[in-house]
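What follows is one chain in structure tokens, specifically the form predicted on its own.
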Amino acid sequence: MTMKISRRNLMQMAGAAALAGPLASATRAFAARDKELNILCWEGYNSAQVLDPFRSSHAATVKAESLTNDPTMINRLRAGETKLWDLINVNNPWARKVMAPAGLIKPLPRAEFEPYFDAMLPNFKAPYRWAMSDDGKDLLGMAQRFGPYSFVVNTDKISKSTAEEQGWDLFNDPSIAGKYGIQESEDWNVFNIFLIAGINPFKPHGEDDMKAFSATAEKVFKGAKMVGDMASLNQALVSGEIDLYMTGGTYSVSPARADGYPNLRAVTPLKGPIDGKGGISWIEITSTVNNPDLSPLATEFLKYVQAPEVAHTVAFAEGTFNPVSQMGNPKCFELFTKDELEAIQWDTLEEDMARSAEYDIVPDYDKALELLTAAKRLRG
């Protein structure tokens, strides 16, 4: 049989071929993303201990990049990297106050994910404020690691009770000049300088507040024995080179405690200028990025890390050791040994968190950071 091909037939076939090209490419792209997951996160979630079992069970390529600054991660999404990442893991206010309003993340199906909060510690029960949109309608992410974060002392040099009672005023005492360190952590150091100056960091600040902040920053950086990362600060505490350091908490000191130095302890002051609270706590929220080609493995990973064994692995991933919200599940809690609970200061965790205001956004952060950077330069 001979088929006559008219101009109309030819145009129809050409159009179908043209349409098939993009559809085939899209199908191939989706199939590729079906086995690919990219995570932008704080350290711990990038650990092979956490990722390798997920890679194996899903036969997937999983890439995770760790940074140590929330605004930097968020700015990368703003710069167009929503097309690259599937999950972002940052501290608690950023999902609710910045990323969701800017359209950088996607809500999670509430019916599918809210039941996981039922197995978390009591403070995380649904609807958990920091996991929800401002209007309370959308679930923006999942909570897991958390902890108090103020400063760390060698209790052989400064007792826990003395540190708690004196709180941030310790750093105003001229007698400790040359005996403390400062961890390189810009946002937390901004918080702490405000607290040492007796100022709530999370309210708008006038000229007098900023002058006090500047003077305090210059004094604190000038008096520091060293400025470094948490590993070097922990080592300096062990060697006796310093007696205490800021900023620090369970996150920073737990590896040293696990290595056999229980005399090194994170301390939360009894009182302070944030509605009377002396410390600041952090809670990580992990959200799905508003990626136009979001990997279906993103939500699978969020479910995966809720499992008791995986949550325990996340808590003790290489690098830092931390409590996790899933410890509210007895099946998860029983996986923690006595030594592990000691490392993360479980004995005082509840009271430390109760004394802490939750991490929030500093209204004058850019100006404060500028003043803090100038104070660091004066140090030489």
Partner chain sequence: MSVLTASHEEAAAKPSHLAIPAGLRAAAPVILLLVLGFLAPLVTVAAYAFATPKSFDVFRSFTLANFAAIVEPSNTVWTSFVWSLSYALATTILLAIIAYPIAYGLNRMFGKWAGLVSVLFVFPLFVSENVRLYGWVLFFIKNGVLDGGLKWLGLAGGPEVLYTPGAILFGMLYVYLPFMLFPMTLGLAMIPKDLVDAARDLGAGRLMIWREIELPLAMPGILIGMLLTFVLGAGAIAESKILGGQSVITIAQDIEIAFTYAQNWPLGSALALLLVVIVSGLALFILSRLDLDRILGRR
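Positions refer to the first chain, counted from 1. This one's a predicted model, so the numbers in the text were calculated from it and none came from an experiment.
Not pictured, yet referred to below: the form predicted in complex with the partner chain.
Contact between Met210 and the partner chain in the predicted complex is not found at the 4.5 Å heavy atom cutoff. Proximity of Ser185 to the partner chain in the predicted complex: non-hydrogen atoms within 4.5 Å are present.
In the predicted complex, at least one heavy atom of Ala79 sits within 4.5 Å of the partner chain.
Contact annotation: Thr155 falls outside 4.5 Å of the partner chain in the predicted complex, judged by heavy atom distances. Considering the partner chain in the predicted complex, the lone stretch of 199-207, 254-262, 227-235, 303-311 in range is 227-235 [heavy atom distance within 4.5 Å]. Not one of Asp118, Gly136 and Leu349 comes within 4.5 Å of the partner chain in the predicted complex, counting any heavy atom. Applying a 4.5 Å heavy atom cutoff to the partner chain in the predicted complex picks out Tyr365, Asp366, Leu369, Thr373, Ala374, Lys376, Arg377, Arg379, Gly380 from 351-380, in order along the sequence.
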